[in-house]
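In structure tokens, one chain follows: the form predicted on its own.
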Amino acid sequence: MVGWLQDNGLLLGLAALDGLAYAALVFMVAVGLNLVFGVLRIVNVAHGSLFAIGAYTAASLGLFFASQGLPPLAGYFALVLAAALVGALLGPLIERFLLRRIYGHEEVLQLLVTFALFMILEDVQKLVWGVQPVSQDLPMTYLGTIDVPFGDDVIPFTKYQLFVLPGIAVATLVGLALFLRRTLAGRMIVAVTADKEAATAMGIDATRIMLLTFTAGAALAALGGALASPTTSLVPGVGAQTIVLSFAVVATAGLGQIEGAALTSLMMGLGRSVAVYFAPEFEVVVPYLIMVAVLLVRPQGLFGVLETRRV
């Protein structure tokens, strides 16, 4: 075992770094999905489309800023601006005119409606951006690389993936936790999550809280896409890949568990990366094998709690 670790130490180091960066992106999407479910009690399949639209918008804005001769730092502004635009424009529109009409309905109807929205938004992406790959990697190449020591070896790795992605993911986790626990608006969200009827009876405007929560979740999904855009070429279907993995993270962590989503994202990110380097034929299935193993033991998820259901 020791000899194997010595022989494969470099690959393990690369897997750890790649897994950390990948986990950060998955967490950004999964935490928004979990936040929305916790308040709205809707599993939003269209969440993946918000990720994709955020990615395409960030790439388009970055290319536009570059064509105007703006400094490279404008590329980072494009990432934030894309997330804000998608969240502020699509979030309220979807919640107000679509989701609000299906609150309290059967889960099957909610899934069908959000899946239909997902398909519509997928076609909108093709109409706006076409089917050819779109890429814009200036935010990543501008920072360059850094040599990461790993045992006797040195691993060159991009600063963007090593510092920016995990840093924003950690800041998001801490910021959400503090917001939900230390602010009035956050406590109102927690109250609506725990018992919507009781929160309404106490004078909380549950409708407004649900609108704000969905908008925040949409912005988080779009931010995840924006952050991912410098690291890959964007093609149709990128939203579908992301939402499936995000559902696996949410189910494994437990519905509504924000901190749990962070740990589960890390588990699946590292598991996938290890598979990429040592068993690439299992790359796609490893995250779902982790999910199945957890749900067989704890059907409510690692951090989920069993809830009594009103009848």
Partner chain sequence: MIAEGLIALVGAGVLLAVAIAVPWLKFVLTIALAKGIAVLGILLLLRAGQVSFGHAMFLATGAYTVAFLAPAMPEALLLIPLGGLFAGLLGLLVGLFVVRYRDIFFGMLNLAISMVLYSLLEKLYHLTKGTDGIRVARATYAGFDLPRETQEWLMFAIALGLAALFGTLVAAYLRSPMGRALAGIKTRETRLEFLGVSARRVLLFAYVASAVMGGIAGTLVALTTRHVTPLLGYWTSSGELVFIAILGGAGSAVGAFLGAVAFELVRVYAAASVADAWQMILGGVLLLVILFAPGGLWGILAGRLKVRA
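Residue numbers count along the first chain shown, from 1. Computed from a prediction, not measured in an experiment: that's the story for all the values here. Superpose the two forms; the largest set of C-alphas matching within 1.5 Å is the rigid core.
Missing here is the form predicted together with the partner chain; even so, the following discussion is about that form.
* Does the partner chain come within 4.5 Å of a heavy atom in each of Glu107, Ile120 and Ile243 in the predicted complex? -> Yes, the whole candidate spot contacts the partner chain.
* Answer with one of Val190, Leu93, Ile204, Leu111: the residue that has a non-hydrogen atom within 4.5 Å of the partner chain in the predicted complex. => Checking each option against the partner chain in the predicted complex, the one that comes within 4.5 Å is Leu111.
* Asked: Which residue, Leu63, Leu70, Val43, Leu263, has a heavy atom that falls within 4.5 Å of the partner chain in the predicted complex?
  -> Exactly one listed residue reaches within 4.5 Å, namely Val43.
* To do: Report the stretch among 248 to 256, 23 to 31, 263 to 271, 51 to 59 that approaches the partner chain in the predicted complex to within 4.5 Å, counting heavy atoms only.
  => Careful reading of the contacts points to 248 to 256.
* May I ask you to state whether Arg182 is within 4.5 Å of the partner chain in the predicted complex, using heavy atom distances? => Although the partner chain is absent here, Arg182 would stay clear of it in the predicted complex, with no heavy atoms inside 4.5 Å.
* Examine Phe282 and determine whether its closest non-hydrogen atom to the partner chain in the predicted complex is within 4.5 angstroms. => Although the partner chain is absent here, Phe282 would touch it in the predicted complex, with heavy atoms inside 4.5 Å.
* **the partner chain contact at Leu127 in the predicted complex, heavy atom, 4.5 Å** => Flag for Leu127 set to yes.
* Asked: in the predicted complex, does Leu295 have a heavy atom within 4.5 Å of the partner chain?
  -> Judged by the heavy-atom cut-off of 4.5 Å, Leu295 is in contact with the partner chain in the predicted complex.
* Aligning on the rigid core, do we see the C-alpha of Phe282 shift 2 angstroms or more between this form and the one not shown? -> Passes the 2 Å threshold, so yes.
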